[in-house]
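Below sits a lone chain in structure tokens, taken as the form predicted on its own.
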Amino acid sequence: MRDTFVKTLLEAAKYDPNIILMTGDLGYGVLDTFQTELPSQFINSGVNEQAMMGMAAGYASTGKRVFVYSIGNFPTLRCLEQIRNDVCLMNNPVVIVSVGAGYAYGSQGYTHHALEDIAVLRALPNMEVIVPADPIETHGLTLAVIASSKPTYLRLGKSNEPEIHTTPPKISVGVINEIKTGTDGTLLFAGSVGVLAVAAAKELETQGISVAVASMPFVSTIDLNYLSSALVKGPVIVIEEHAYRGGVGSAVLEAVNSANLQGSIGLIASDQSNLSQIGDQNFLRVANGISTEKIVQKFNALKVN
């Protein structure tokens, strides 16, 4: 996803000098081409995330569309006060780009596990939280973010995420993109865990159960019409690579409650039960309760009830 984001941003920035890319001394190799081709639109602020976010807000207040790029928790939790005060409260058009969502940097330990970022940032005023599922969705969403003027959090995977969409997805605020249709329920996900949702749907098919699989990239704005229709069919399982509290599942439950919708909703997320463990992304997902098996078990439990 990160390569797709950078390539898409570079092509747009060639025609728009107001696009600025900032990094906190990270992204070597990935950002080299952007820096080489557009040196006047690239800023390496060094390892000073709080100052970097303040700088980004300052540039944005002059009409620039500023993208702040860093790993996991660094452009989010480390400079939360600056995001809240300088970006969100002032409604400055800064895009925070977090690379390495969830357990993508698993071998680096818990300091690099991004598991609370959605909960924190979606609570801030004016902030749009967007979580692409794959490179195809990343391309379209990056273009949409460029055209927007809202403070935005773009949460990306690290690299080599497979393409889940077989056709270009719809890109509009609040859209939920259905990848597979189904009649007995829905597996609703945000981010690269979509591969687990697809695998779970195939396993459920072997049991004679037909479920829809859908990507929900917009966390701050949710399509209530889609949710209403999905809940009529059967259980909705929300799948995310984030802590249980405050994430995508919480956003869905809030939306359902506000609209007085009825139905069964389950959540697959990190239970954060193994904070001291290190390992690759797949290992840590399973160790913390995010797996195809868990999705199938959760769906069957709700369907029975």
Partner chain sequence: MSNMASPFTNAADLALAARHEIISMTSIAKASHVASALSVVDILSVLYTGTASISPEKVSEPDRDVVILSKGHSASALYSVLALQKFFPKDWLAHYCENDAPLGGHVTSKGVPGVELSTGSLGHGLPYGLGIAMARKKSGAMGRVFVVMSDGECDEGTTWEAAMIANHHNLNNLVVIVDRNRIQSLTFTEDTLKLEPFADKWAAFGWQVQTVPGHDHELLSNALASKTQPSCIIADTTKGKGVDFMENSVLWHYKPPAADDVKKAFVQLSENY
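It should be emphasised that the depicted structure is a prediction, and the values quoted were computed from it without experimental measurement. Positions refer to the first chain, counted from 1.
The same protein also exists as the form predicted together with the partner chain; that form is not shown, yet it is the one meant from here on.
Asks: Which is the contacting stretch out of 24-32, 237-245, 50-58, 263-271, given heavy atoms within 4.5 Å of the partner chain in the model of the complex?
Replies: Heavy-atom contact with the partner occurs in 50-58.
Asks: Here the chain is shown alone; which of Asp184, Glu81, Glu163, Glu203 has a heavy atom within 4.5 Å of the partner chain in the model of the complex?
Replies: Only one option qualifies, and that one is Glu81.
Asks: Which listed residue (Val195, Met90, Ala123, Leu143) meets the criterion of a heavy atom within 4.5 Å of the partner chain in the model of the complex?
Replies: In short, Met90.
Asks: Any chance Val256 has a heavy atom within 4.5 Å of the partner chain in the model of the complex?
Replies: Result no; Val256 lies far from the partner chain in the model of the complex.
Asks: Thr62 near the partner chain in the model of the complex, any heavy atom under 4.5 Å?
Replies: So Thr62 counts as contacting the partner chain.
Asks: Wondering, does Ser250 line up within 4.5 Å of the partner chain in the model of the complex on heavy atoms?
Replies: Flag for Ser250 set to no.
Asks: Give a yes/no on whether Ser40 approaches the partner chain to within 4.5 Å in the model of the complex, heavy atoms considered.
Replies: Yes.
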